[in-house]
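One chain is shown next in structure tokens, namely the form predicted on its own.
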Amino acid sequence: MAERAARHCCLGWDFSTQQVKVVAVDAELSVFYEDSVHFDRDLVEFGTQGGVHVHKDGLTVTSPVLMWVQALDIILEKMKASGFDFSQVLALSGAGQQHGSVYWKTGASQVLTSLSPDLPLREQLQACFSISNCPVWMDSSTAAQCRQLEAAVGGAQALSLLTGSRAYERFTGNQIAKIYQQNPEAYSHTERISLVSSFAASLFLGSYSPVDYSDGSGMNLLQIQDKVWSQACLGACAPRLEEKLGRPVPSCSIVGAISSYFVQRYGFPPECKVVAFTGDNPASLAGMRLEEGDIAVSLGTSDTLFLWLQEPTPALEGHIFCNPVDPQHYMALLCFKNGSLMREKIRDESASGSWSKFSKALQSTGMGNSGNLGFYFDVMEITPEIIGRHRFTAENHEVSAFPQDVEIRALIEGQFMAKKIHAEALGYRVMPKTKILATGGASHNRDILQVLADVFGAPVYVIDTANSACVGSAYRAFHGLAAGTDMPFAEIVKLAPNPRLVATPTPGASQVYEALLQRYAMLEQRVLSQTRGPPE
């Protein structure tokens, strides 16, 4: 027990869509404690499915704010019952599902600052919210507000240049505008609006935590270059919005010491620091320890790219966020809907449902696939908006089918060429030190990762990213403690487990794909014009 008692640590929290999770990470960056509370299973009284309520219109999606509060109560009691030594916690930070928002009722700040350690948070905060069911990232009910916001600033591209993204229905500015328009009384009784991340930080602080730059740049409200709220965007969404949001802060900021509530109820040390919480995607970038020029490729149901950017060029597709571990740089996020489900369909159709046969097809076909290119979008793609399957020969003639082996390589090459083209459109460039970190189901297939290495011209590594947002939050807590010393994040996390090299580019790959990428981009525009019709 003596050894455990001396184990100084930082806590990393993740208030995600379906659960609240926590990890404890010691000074050697080893995870030695983890726990979670699952909303559907452990808090059945709130009646959520997948952590949310989908409303009758099929567009409005919310979560009960008190469910998140009670989940924190439960997980802290579980830690206490297990004998967790809170007195060793130096600092904590956390992540919240991006784009969710919380509305504190007038007078809530006084309740937060005077919490009784004898009662759980849920009992004391139940009257503190002007909106009891909070909009979350799955909500798509604000199309009208999105169009209003874009019109107010001169169009979608102008908004993207200003805030890092065109108007998205889940983004917080548009959600606030809807609440102001449809429920003005609740809006007028709101003294503070938090993101899920800054809401969770506020619970630990016992006062309102500021929004951090990185999660704040997923709101359509923050000017990503100047890192201040855009007056034009605020004015287009709701009155007196700036005072309700507070001033944003760098993501590595210490926002205060932990509330006396947690000191008295659980035994946290009074000097335990709270480092600004951020969004789950930025926290995952920290958890995967991306550095300048790196790219993380999550190959799941949908495929997601995280990019580290120095000079971003915001576009109509994808998102630019302020970087959570380096305030001078940026991160980008691109999502492709046709990911693993598309790969599984082509496996079933062209490889008899066998991944082994799928891999053999990739091995037996050459880089560049003899010039055959394919687009495979069985559901409407996000990046860009294309649907259908489109196959082209080396002469750019569209054909209705490819031989099975050619089909498999066309799918995988096409998926990765699309990722590289759209990453470069946001300002990404492969550098000599670039690493590609692959995660998700398809990252277990070495032959798929070889194509990834060849198309991007960079080595591919795999990394264990279970709880990456949680672990990244603990890393960020350590970084926050050292932030005053200007120590770079990479130095803070150098003891963490290294990713494993699995694929390096085949000699000559860059020459093969340079011309193909240009052709793919040209054909993508051709398919896009066929799908959309002539431009207006």
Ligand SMILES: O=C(CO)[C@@H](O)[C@H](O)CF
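In case it trips you up, residue 1 is the first one in the sequence shown, and so on. These numbers were taken from a predicted model, which means no experiment stands behind them.
Only in words, not in the display: the form predicted in complex with this ligand, which the text now covers.
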query = Any chance Asp294, Lys435 and Thr504 all have a heavy atom within 4.5 Å of this ligand in the predicted bound form?
reply = no
Exercise: Arg265 in contact with this ligand in the predicted bound form, heavy atom 4.5 Å = no
inquiry  = Under a 4.5 Å heavy atom criterion, is Glu413 part of the interface with this ligand in the predicted bound form?
reply    = no
query = Should Gln97 be classed as touching this ligand in the predicted bound form when contacts are defined as heavy atoms within 4.5 Å?
reply = yes
inquiry  = Can you work out whether Asp212 and this ligand are in contact in the predicted bound form, taking contact to mean some heavy atom pair no more than 4.5 Å apart?
reply    = no
message = Within 4.5 Å, heavy atoms only, one stretch in 98 to 106, 187 to 195, 285 to 293, 125 to 133 touches this ligand in the predicted bound form. Which?
response = 98 to 106
ask   = Just one of Asn281, Ser141, Gln88, Ser350 has a heavy atom within 4.5 Å of this ligand in the predicted bound form. Which one?
value = Asn281
ask   = Pick from Phe336, Tyr376, Trp137, Phe392: which residue has any heavy atom within 4.5 angstroms of this ligand in the predicted bound form?
value = Trp137
query = Can you name the residues of 14 to 53 that have a non-hydrogen atom within 4.5 angstroms of this ligand in the predicted bound form?
reply = Thr17
